[in-house]
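Taking the form predicted on its own, here's one chain by itself in structure tokens.
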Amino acid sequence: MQFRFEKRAEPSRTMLYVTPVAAVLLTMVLGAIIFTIIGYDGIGAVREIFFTPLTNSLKWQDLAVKAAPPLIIGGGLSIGYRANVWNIGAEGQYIVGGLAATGVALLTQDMSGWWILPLMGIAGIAGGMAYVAVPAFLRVRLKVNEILTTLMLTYVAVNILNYLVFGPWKSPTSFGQPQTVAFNDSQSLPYIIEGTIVQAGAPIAIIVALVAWFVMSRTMFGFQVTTVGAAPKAAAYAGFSANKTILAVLFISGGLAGLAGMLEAAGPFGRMVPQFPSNYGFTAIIVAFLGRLHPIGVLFAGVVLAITFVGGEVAQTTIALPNPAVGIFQAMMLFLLLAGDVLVRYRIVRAGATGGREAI
């Protein structure tokens, strides 16, 4: 007896958007069961991770701070994924963007002025784009798979960061700690609400999502990206260059990852430290898929992932849940989402010895 997958008719839009919600709900149920089995308060873990950040008003500020980076990065990745271009190394581009912005901050340490922060933003975007240029060139010219090259370059970026903060960028007044000097006021993001920890990164993330929505749904470039990803032959017949599209979406995703790195360096961190890699680049992959590769969907998905980050920190202090628990919940969410997609788009067919088949 053999089984195989057979493609179903095109799933309805309702089913495509119900699946992410179902994946989140199943993650809660399975997470509660798994953590109960291994000796933790499973129901408490789900409560603290998924509900406390929403019910505790003191945590709303943290949600805004945590949602901004994966939202910005996820918006860029979703554009690339629509074109079937798989940038998996946004974490590395995020790091290099932060390093480029830090380099500008160190060069202007004794200066002040409104122009410094925009210059850091430009440097962050340029850093992310420059770092993704290598995989982009290899993909277009040599047909090297961008999944491998972007991912491997992430670890190179981590080592570059460690070299700089342990070496030439190490602050002489840090009492031996591997970190740069603190950014001054002209190099730090302003707070959008006095007395809170919410900085300008949060509204910038929303603006990025809205601009991405407009570009993908109302411009010829958005149509080109979608066509190249869905029907390459039709795109070529229409005169759309696949190579130019690949370069464009990689530079967009790399530039937005670099922008997110700049906003984190100039925002919550306020300097460059070895702890700067925060897995936002990898989390943004989940955000992109959970948001159905749609910029507005990514906006909501970014909030969901931010809830797990903040809730994970709460669970560590309230029920002694280990830090990797958040990663387990996020991994289950992505797995269940992809599994749901398979079941929505395909059905399992049992093929008999005589060549007959029966849907299960």
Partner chain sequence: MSGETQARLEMAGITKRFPGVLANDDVSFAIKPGEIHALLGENGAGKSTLVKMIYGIMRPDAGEMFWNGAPLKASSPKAARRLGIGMVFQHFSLFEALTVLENIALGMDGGLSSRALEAKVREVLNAYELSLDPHRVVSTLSVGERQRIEIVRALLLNPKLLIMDEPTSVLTPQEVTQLFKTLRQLASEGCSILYISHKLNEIKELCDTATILRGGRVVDECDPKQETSKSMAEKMIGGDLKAVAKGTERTFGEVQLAVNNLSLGRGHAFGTALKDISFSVHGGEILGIAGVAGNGQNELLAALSGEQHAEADGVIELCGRPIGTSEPSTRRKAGLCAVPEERHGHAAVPDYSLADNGILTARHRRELVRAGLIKNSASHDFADEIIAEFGVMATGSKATAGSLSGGNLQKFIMGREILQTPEVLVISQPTWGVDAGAAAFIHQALVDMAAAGSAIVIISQDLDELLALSDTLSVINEGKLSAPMAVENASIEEIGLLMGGVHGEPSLATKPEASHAVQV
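Keep in mind that what you see is a predicted model, and the values were worked out from it rather than measured. Residue numbers count along the first chain shown, from 1.
Although it is not shown, the form predicted in complex with the partner chain is what the next lines describe.
Is it the case in the predicted bound form that Leu148, Phe276 and Arg292 each bring at least one heavy atom within 4.5 Å of the partner chain? No, none of the three is in contact.
Tell me, yes or no, whether Ile193 is in contact with the partner chain in the predicted bound form, where a contact means a heavy atom of each within 4.5 Å. So Ile193 does not count as contacting the partner chain.
May I ask you to state whether Asn84 is within 4.5 Å of the partner chain in the predicted bound form, using heavy atom distances? Asn84: no contact with the partner chain in the predicted bound form.
With the partner left out of view, is Arg345 within 4.5 angstroms of the partner chain in the predicted bound form by any non-hydrogen atom? Answer yes; at least one heavy atom of Arg345 falls within 4.5 Å of the partner chain in the predicted bound form.
Report yes if any heavy atom of Leu142 sits within 4.5 Å of a heavy atom of the partner chain in the predicted bound form; otherwise report no. Leu142: no, not in contact with the partner chain in the predicted bound form.
The partner chain: the contacting residue among Tyr163, Trp115, Tyr237, Phe175 in the predicted bound form [heavy atom, 4.5 Å]: Exactly one listed residue reaches within 4.5 Å, namely Tyr237.
Only one of Val181, Met152, Ala231, Val134 gets a heavy atom within 4.5 Å of the partner chain in the predicted bound form. Which one? Spelling it out, the residue with a heavy atom inside the cut-off is Ala231.
Residues in which of 264 to 272, 221 to 229, 184 to 192, 99 to 107 have heavy atoms within 4.5 Å of the partner chain in the predicted bound form? Contact criterion met by 221 to 229 only.
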